[in-house]
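What follows is a single chain, given as structure tokens, in the form predicted alone.
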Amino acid sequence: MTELGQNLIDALALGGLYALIALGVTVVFTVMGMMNFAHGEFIMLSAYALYVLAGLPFAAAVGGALLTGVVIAVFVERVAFRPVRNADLSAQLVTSLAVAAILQSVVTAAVDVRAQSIETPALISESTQLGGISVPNLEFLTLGLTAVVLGGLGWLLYRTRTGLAMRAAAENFEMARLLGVRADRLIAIAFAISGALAAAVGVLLVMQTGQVSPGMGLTPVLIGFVAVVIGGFGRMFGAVIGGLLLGALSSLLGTYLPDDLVPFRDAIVFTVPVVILIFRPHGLLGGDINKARV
């Protein structure tokens, strides 16, 4: 029973991390209707900011990483995405992929293609005993951060004028603009939130692995897109469900699969979304790629 509790906490923590990734992806899609493939590079750049600021107190370095994620996301939206906002989806897709390639190439040329190690506080790598269960402090941090983010987004969406505008834009962007919603401001806020979430994920990944590399954002962003598809396009709550499901499945399979099948864990994990989509083509909550909704 103790082992089961340990495994469930591990699964929930990984699911929480995946949920944060999925939320960062879907918050832009919800407002703008665009899948941002550069989100992985936002994660990577925030992690490198933590690496560059490693000489500062850890809290200050984390703050710098969060600020970096927000600034990079808002800057990219203004320079790259705003000019193609009214273009067709193919132009937006190409722009998103180009931004991702440019950011990764710049970091590779400026730093190094090889992974760089970074020291994290000893407290993070330690564990806490709970009724016979040894829980890594990093998992407490991940779960706590996920809860705070979900609560904060819920408050923003349903208790503020900005949230009301975001929900209105998600239902009908053109109508929202006619009613006085400022499109530029709203989309910039969405990218800022996405950048902050990317930075939080970048910090958690650094604390988990102890290193940074130019390609570290690729796997997380793929996981985020799969989680969004599972939950339903444009559904923020669906993104959370998709992330939790994907993370829990990956963690539990890694623990309970027979040794001979462990190398096939990822193949099994990503087969499950295919099965889900066969029976629920628009995701678990019925999202629509042609019409973003909160």
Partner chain sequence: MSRTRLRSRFSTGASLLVPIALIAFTVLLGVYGTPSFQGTVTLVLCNLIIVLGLQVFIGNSGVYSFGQIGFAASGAYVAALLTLPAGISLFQTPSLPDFIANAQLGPLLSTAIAAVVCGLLAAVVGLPLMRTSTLAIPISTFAFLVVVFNVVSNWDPMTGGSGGLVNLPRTTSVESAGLWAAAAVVVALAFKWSASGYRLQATREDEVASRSIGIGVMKERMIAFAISGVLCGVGGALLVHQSGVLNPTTFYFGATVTTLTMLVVGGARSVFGAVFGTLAVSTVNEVLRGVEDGASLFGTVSISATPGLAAIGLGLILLATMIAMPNGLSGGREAGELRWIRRLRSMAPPSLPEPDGAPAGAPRIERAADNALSAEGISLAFAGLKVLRGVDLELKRGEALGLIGPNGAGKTTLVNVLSGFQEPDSGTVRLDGVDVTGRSPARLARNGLGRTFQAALPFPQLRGLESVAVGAMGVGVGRRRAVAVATDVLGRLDLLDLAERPAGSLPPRDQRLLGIARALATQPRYLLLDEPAAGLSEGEREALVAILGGVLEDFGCGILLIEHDVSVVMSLCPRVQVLDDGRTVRVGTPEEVQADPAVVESYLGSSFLVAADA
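Rigid core: the largest C-alpha set superposing within 1.5 Å between the two forms. Keep in mind it's a predicted model, so treat the numbers as computed, not measured. Numbering follows the first chain given and starts at 1.
Just so you know, the form predicted in complex with its partner chain exists too; it's not on screen, but the next bit is about it.
Contact check for Thr108: a non-hydrogen atom falls within 4.5 Å of its partner chain in the predicted bound form. When contacts are judged by a 4.5 Å heavy atom cut-off, Gly144 does not count as touching its partner chain in the predicted bound form. Within 4.5 Å of any heavy atom of its partner chain in the predicted bound form lies no heavy atom of Asn86. Of the heavy atoms in Ala80, some are within 4.5 Å of its partner chain in the predicted bound form. This chain lacks the partner; the member of Leu222, Val71, Ala115, Ile133 within 4.5 angstroms of its partner chain in the predicted bound form by a non-hydrogen atom is Leu222.
Taking Ile241, Leu66, Leu252, Val226 one by one, only a single residue has any non-hydrogen atom within 4.5 Å of its partner chain in the predicted bound form, and it is Val226. The chain is drawn here without its partner chain; in the predicted bound form, the stretch among 241-249, 42-50, 29-37, 55-63 whose residues come within 4.5 Å of it by any heavy atom is 29-37. In sequence order, Leu89, Ser90, Ala91, Leu93, Val94, Thr95, Leu97, Ala98, Val99, Ala101 are the residues of 87-101 having a heavy atom within 4.5 Å of its partner chain in the predicted bound form; the partner itself is omitted from this view. Superposed on the core, the two forms differ at Phe264: its CA moves 2 Å or more between the shown form and the other one.
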